[in-house]
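First, one chain by itself: the form predicted alone, in C-alpha coordinates.
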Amino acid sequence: MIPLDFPIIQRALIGSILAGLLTGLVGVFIIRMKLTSSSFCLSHAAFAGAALGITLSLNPLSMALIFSAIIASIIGPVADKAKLHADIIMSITFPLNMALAFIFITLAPSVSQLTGEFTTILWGSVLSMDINDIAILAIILLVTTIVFYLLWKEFFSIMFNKMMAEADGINTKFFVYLAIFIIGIVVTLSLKLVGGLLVFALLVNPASTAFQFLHELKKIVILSPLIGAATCAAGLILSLFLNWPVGACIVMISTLCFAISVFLSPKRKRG
(Lines give C-alpha, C1' and ligand atoms only; values in the text may rest on other atoms or scores of the structure.)
Protein backbone atom coordinates (compact mmCIF):
# COMPACT_ATOMS: atom_id res chain seq x y z
CA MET A 1 0.00 0.00 0.00
CA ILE A 2 1.21 3.48 -0.88
CA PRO A 3 0.71 5.94 2.00
CA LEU A 4 -1.17 8.57 0.01
CA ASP A 5 -2.30 10.22 3.24
CA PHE A 6 1.28 11.37 3.85
CA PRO A 7 1.72 15.03 2.78
CA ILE A 8 5.16 14.30 1.31
CA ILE A 9 3.69 11.65 -1.02
CA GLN A 10 0.75 13.87 -1.94
CA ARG A 11 3.09 16.73 -2.88
CA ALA A 12 5.29 14.38 -4.89
CA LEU A 13 2.28 13.00 -6.77
CA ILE A 14 0.85 16.45 -7.53
CA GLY A 15 4.27 17.70 -8.58
CA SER A 16 4.77 14.67 -10.83
CA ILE A 17 1.42 15.17 -12.55
CA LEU A 18 2.05 18.90 -13.09
CA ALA A 19 5.54 18.27 -14.46
CA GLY A 20 4.18 15.53 -16.73
CA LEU A 21 1.50 17.84 -18.10
CA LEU A 22 4.03 20.61 -18.66
CA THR A 23 6.73 18.52 -20.35
CA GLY A 24 4.14 16.64 -22.40
CA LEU A 25 2.75 19.92 -23.73
CA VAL A 26 6.13 21.43 -24.57
CA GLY A 27 7.33 18.15 -26.08
CA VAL A 28 4.87 18.46 -28.98
CA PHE A 29 6.46 21.74 -30.02
CA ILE A 30 9.97 20.33 -29.54
CA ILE A 31 9.30 17.48 -31.96
CA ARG A 32 7.33 19.41 -34.58
CA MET A 33 9.77 22.34 -34.59
CA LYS A 34 12.77 19.97 -34.70
CA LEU A 35 14.27 21.26 -31.48
CA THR A 36 15.05 17.89 -29.86
CA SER A 37 18.60 18.95 -29.02
CA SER A 38 17.15 21.66 -26.79
CA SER A 39 16.23 19.14 -24.09
CA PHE A 40 19.73 17.85 -23.37
CA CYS A 41 21.44 21.14 -24.22
CA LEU A 42 19.37 23.18 -21.77
CA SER A 43 19.36 20.49 -19.08
CA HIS A 44 23.16 20.62 -19.10
CA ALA A 45 23.03 24.41 -19.11
CA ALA A 46 21.05 24.00 -15.89
CA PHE A 47 23.86 21.73 -14.60
CA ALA A 48 26.39 24.45 -15.25
CA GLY A 49 24.20 27.06 -13.57
CA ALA A 50 23.65 24.86 -10.54
CA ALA A 51 27.38 24.19 -10.23
CA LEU A 52 28.07 27.93 -10.48
CA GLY A 53 25.47 28.55 -7.77
CA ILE A 54 27.16 26.06 -5.45
CA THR A 55 30.57 27.59 -6.16
CA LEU A 56 29.29 31.10 -5.39
CA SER A 57 27.20 29.91 -2.40
CA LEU A 58 23.97 30.91 -4.16
CA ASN A 59 20.74 28.95 -4.60
CA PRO A 60 21.62 26.19 -7.13
CA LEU A 61 18.15 25.88 -8.64
CA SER A 62 17.81 29.65 -9.06
CA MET A 63 21.19 29.80 -10.78
CA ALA A 64 20.23 26.80 -12.92
CA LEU A 65 17.11 28.66 -14.05
CA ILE A 66 19.03 31.85 -14.82
CA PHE A 67 21.83 30.07 -16.67
CA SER A 68 19.41 27.96 -18.70
CA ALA A 69 17.34 31.04 -19.57
CA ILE A 70 20.46 32.90 -20.75
CA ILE A 71 21.58 30.01 -22.95
CA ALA A 72 18.04 29.62 -24.34
CA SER A 73 17.95 33.33 -25.16
CA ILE A 74 21.17 33.34 -27.19
CA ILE A 75 20.73 30.11 -29.15
CA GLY A 76 18.31 31.57 -31.71
CA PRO A 77 20.29 34.75 -32.50
CA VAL A 78 23.54 32.76 -32.80
CA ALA A 79 21.85 30.27 -35.13
CA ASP A 80 20.60 33.11 -37.34
CA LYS A 81 24.01 34.80 -37.33
CA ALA A 82 25.75 31.55 -38.28
CA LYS A 83 22.95 30.69 -40.73
CA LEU A 84 22.57 27.26 -39.16
CA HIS A 85 19.57 25.47 -37.67
CA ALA A 86 19.10 26.08 -33.95
CA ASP A 87 19.42 22.32 -33.36
CA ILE A 88 23.05 22.47 -34.59
CA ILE A 89 23.90 25.40 -32.32
CA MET A 90 22.39 23.54 -29.38
CA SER A 91 24.51 20.47 -30.22
CA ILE A 92 27.59 22.71 -30.17
CA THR A 93 26.52 24.39 -26.91
CA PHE A 94 25.90 21.06 -25.16
CA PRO A 95 29.58 20.10 -24.60
CA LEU A 96 30.36 23.71 -23.68
CA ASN A 97 27.78 23.54 -20.90
CA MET A 98 29.31 20.29 -19.65
CA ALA A 99 32.80 21.82 -19.71
CA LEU A 100 31.60 24.82 -17.71
CA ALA A 101 29.85 22.54 -15.22
CA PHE A 102 33.06 20.56 -14.62
CA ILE A 103 35.06 23.78 -14.19
CA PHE A 104 32.54 25.16 -11.69
CA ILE A 105 32.54 21.85 -9.80
CA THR A 106 36.32 21.99 -9.57
CA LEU A 107 36.07 25.50 -8.10
CA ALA A 108 33.41 24.51 -5.53
CA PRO A 109 34.49 25.23 -1.94
CA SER A 110 33.90 21.70 -0.65
CA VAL A 111 32.98 18.24 -1.87
CA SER A 112 30.36 17.80 0.87
CA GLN A 113 28.50 20.85 -0.41
CA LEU A 114 28.30 19.26 -3.85
CA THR A 115 26.92 15.96 -2.60
CA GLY A 116 23.37 16.99 -1.73
CA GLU A 117 22.75 20.00 -3.94
CA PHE A 118 24.26 18.76 -7.16
CA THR A 119 22.89 15.23 -6.82
CA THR A 120 19.39 16.72 -6.79
CA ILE A 121 20.11 18.47 -10.09
CA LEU A 122 21.59 15.32 -11.64
CA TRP A 123 19.05 12.71 -10.54
CA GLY A 124 16.06 14.63 -9.23
CA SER A 125 14.43 14.55 -5.83
CA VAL A 126 10.67 14.55 -6.25
CA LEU A 127 10.07 13.70 -2.59
CA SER A 128 11.70 16.98 -1.61
CA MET A 129 9.09 19.02 -3.48
CA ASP A 130 7.38 21.57 -1.31
CA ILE A 131 4.35 23.81 -1.74
CA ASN A 132 6.45 26.49 -3.42
CA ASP A 133 7.72 24.03 -6.05
CA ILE A 134 4.18 22.90 -6.79
CA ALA A 135 2.93 26.49 -7.00
CA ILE A 136 5.72 27.41 -9.44
CA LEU A 137 5.00 24.36 -11.63
CA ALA A 138 1.28 25.19 -11.65
CA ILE A 139 1.94 28.82 -12.60
CA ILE A 140 4.38 27.91 -15.38
CA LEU A 141 1.93 25.30 -16.70
CA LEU A 142 -0.87 27.88 -16.74
CA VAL A 143 1.29 30.58 -18.37
CA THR A 144 2.68 28.16 -20.98
CA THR A 145 -0.79 26.89 -21.85
CA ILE A 146 -2.10 30.44 -22.24
CA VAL A 147 0.87 31.46 -24.42
CA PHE A 148 0.46 28.49 -26.74
CA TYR A 149 -3.31 28.98 -26.86
CA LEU A 150 -3.11 32.68 -27.72
CA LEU A 151 -0.35 32.13 -30.28
CA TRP A 152 -1.64 28.80 -31.60
CA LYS A 153 -2.23 30.08 -35.14
CA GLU A 154 1.37 31.26 -35.48
CA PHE A 155 2.90 28.18 -33.87
CA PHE A 156 0.70 25.86 -35.92
CA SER A 157 1.74 27.59 -39.14
CA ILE A 158 5.42 27.24 -38.26
CA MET A 159 5.05 23.59 -37.28
CA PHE A 160 3.10 22.84 -40.45
CA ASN A 161 5.45 24.63 -42.86
CA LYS A 162 7.96 27.24 -41.76
CA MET A 163 8.51 28.64 -45.25
CA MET A 164 4.78 29.10 -45.82
CA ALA A 165 4.50 30.76 -42.40
CA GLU A 166 7.19 33.25 -43.39
CA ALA A 167 5.41 33.88 -46.69
CA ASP A 168 2.27 34.71 -44.68
CA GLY A 169 4.19 37.38 -42.82
CA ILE A 170 4.72 35.51 -39.55
CA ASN A 171 7.92 36.43 -37.70
CA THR A 172 9.12 32.84 -37.40
CA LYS A 173 12.38 33.82 -35.66
CA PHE A 174 10.50 35.33 -32.74
CA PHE A 175 8.34 32.26 -32.23
CA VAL A 176 11.29 29.87 -32.47
CA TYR A 177 13.15 32.01 -29.92
CA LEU A 178 10.08 32.00 -27.68
CA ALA A 179 9.72 28.21 -27.92
CA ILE A 180 13.39 27.67 -27.01
CA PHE A 181 13.08 30.05 -24.06
CA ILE A 182 9.98 28.22 -22.76
CA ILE A 183 11.77 24.89 -23.16
CA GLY A 184 14.67 26.20 -21.08
CA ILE A 185 12.34 27.22 -18.24
CA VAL A 186 10.44 23.92 -18.36
CA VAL A 187 13.64 21.85 -18.38
CA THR A 188 14.99 23.60 -15.30
CA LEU A 189 11.74 23.35 -13.36
CA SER A 190 11.52 19.62 -14.15
CA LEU A 191 14.93 18.87 -12.64
CA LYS A 192 13.49 18.03 -9.22
CA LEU A 193 11.31 15.36 -10.81
CA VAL A 194 13.69 13.29 -12.92
CA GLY A 195 16.98 15.18 -12.83
CA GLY A 196 18.90 16.70 -15.68
CA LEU A 197 20.27 13.40 -16.98
CA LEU A 198 16.78 12.06 -17.71
CA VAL A 199 14.63 15.12 -18.34
CA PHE A 200 14.97 14.98 -22.11
CA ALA A 201 13.18 11.60 -22.13
CA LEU A 202 10.23 13.24 -20.37
CA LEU A 203 10.14 15.98 -23.01
CA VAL A 204 10.28 13.63 -26.00
CA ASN A 205 8.63 10.32 -25.03
CA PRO A 206 5.02 11.42 -24.30
CA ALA A 207 4.77 13.52 -27.46
CA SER A 208 6.34 10.75 -29.55
CA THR A 209 3.80 8.32 -28.13
CA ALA A 210 0.90 10.65 -28.95
CA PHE A 211 2.15 11.07 -32.52
CA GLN A 212 1.88 7.29 -33.01
CA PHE A 213 -1.90 7.40 -32.62
CA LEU A 214 -3.04 10.77 -33.92
CA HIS A 215 -2.57 13.00 -36.94
CA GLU A 216 -4.42 16.15 -35.89
CA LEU A 217 -2.07 18.45 -34.03
CA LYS A 218 -4.74 19.91 -31.73
CA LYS A 219 -5.58 16.43 -30.45
CA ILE A 220 -1.90 15.60 -30.03
CA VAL A 221 -1.41 18.74 -27.93
CA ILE A 222 -4.14 17.42 -25.60
CA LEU A 223 -3.08 13.76 -25.54
CA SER A 224 0.66 14.29 -25.01
CA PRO A 225 0.33 16.12 -21.65
CA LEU A 226 -2.10 13.45 -20.44
CA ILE A 227 0.42 10.73 -21.34
CA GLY A 228 3.15 12.73 -19.62
CA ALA A 229 1.09 13.09 -16.44
CA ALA A 230 0.10 9.40 -16.44
CA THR A 231 3.66 8.13 -16.95
CA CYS A 232 5.02 10.46 -14.25
CA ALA A 233 2.39 9.35 -11.73
CA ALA A 234 2.89 5.68 -12.64
CA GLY A 235 6.67 6.06 -12.37
CA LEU A 236 6.36 7.60 -8.93
CA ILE A 237 4.07 4.82 -7.72
CA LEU A 238 6.37 2.14 -9.16
CA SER A 239 9.37 3.70 -7.43
CA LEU A 240 7.56 3.70 -4.09
CA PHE A 241 6.66 0.02 -4.50
CA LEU A 242 10.12 -1.12 -5.57
CA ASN A 243 12.23 1.50 -3.77
CA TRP A 244 13.87 2.43 -7.07
CA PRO A 245 14.88 5.95 -8.18
CA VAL A 246 11.81 7.97 -9.21
CA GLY A 247 13.36 9.50 -12.31
CA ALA A 248 14.56 6.15 -13.62
CA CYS A 249 11.10 4.58 -13.09
CA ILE A 250 9.38 7.45 -14.91
CA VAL A 251 11.74 7.16 -17.88
CA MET A 252 11.35 3.37 -18.04
CA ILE A 253 7.56 3.60 -18.06
CA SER A 254 7.45 6.43 -20.61
CA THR A 255 9.85 4.52 -22.87
CA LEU A 256 7.80 1.35 -22.50
CA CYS A 257 4.66 3.31 -23.41
CA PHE A 258 6.36 4.59 -26.55
CA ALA A 259 7.54 1.08 -27.51
CA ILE A 260 4.01 -0.29 -27.09
CA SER A 261 2.56 2.62 -29.06
CA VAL A 262 4.85 1.82 -32.00
CA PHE A 263 3.46 -1.72 -32.19
CA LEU A 264 -0.16 -0.65 -31.71
CA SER A 265 0.01 2.46 -33.89
CA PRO A 266 -2.61 2.70 -36.66
CA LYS A 267 0.06 4.42 -38.71
CA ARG A 268 2.24 1.30 -38.54
CA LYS A 269 -0.62 -0.94 -39.61
CA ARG A 270 -1.42 1.38 -42.47
CA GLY A 271 2.21 1.36 -43.60
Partner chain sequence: MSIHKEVILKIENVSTVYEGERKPAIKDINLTVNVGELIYIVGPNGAGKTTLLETINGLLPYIKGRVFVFGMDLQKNGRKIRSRIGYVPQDFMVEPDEPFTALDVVLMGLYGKLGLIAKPTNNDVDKAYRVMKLLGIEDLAKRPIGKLSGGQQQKVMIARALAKEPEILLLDEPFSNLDPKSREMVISIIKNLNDHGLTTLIVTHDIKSIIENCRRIVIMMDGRIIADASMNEAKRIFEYSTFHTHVYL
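Just so it is clear, the structure is predicted and the values come from calculations on it, not from any experiment. Positions refer to the first chain, counted from 1.
The form predicted together with the partner chain exists for this protein as well; it is not shown, and the discussion that follows is about that form.
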- Task: State yes or no: in the model of the complex, is some non-hydrogen atom of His85 no more than 4.5 angstroms from a non-hydrogen atom of the partner chain?
- Result: no
- Query: Given that the partner is absent here, does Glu166 sit within 4.5 Å of the partner chain in the model of the complex, heavy atoms only?
  - Reply: yes
- Going by a heavy atom distance of 4.5 Å, is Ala229 a contact of the partner chain in the model of the complex? no
- Query: Does the partner chain come within 4.5 Å of any heavy atom of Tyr177 in the model of the complex?
  - Reply: no
- Which one of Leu238, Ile66, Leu223, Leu217 is close to the partner chain in the model of the complex, taking close to mean a heavy atom within 4.5 Å? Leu217
- Can you pick the one in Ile136, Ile105, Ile170, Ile185 that has a heavy atom within 4.5 Å of the partner chain in the model of the complex? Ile170
- Spot the stretch among 188-196, 90-98, 123-131, 154-162 with residues whose non-hydrogen atoms come within 4.5 Å of the partner chain in the model of the complex. 154-162
- When the partner chain is considered in the model of the complex, the residues of 10-42 having a heavy atom within 4.5 Å of it are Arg32
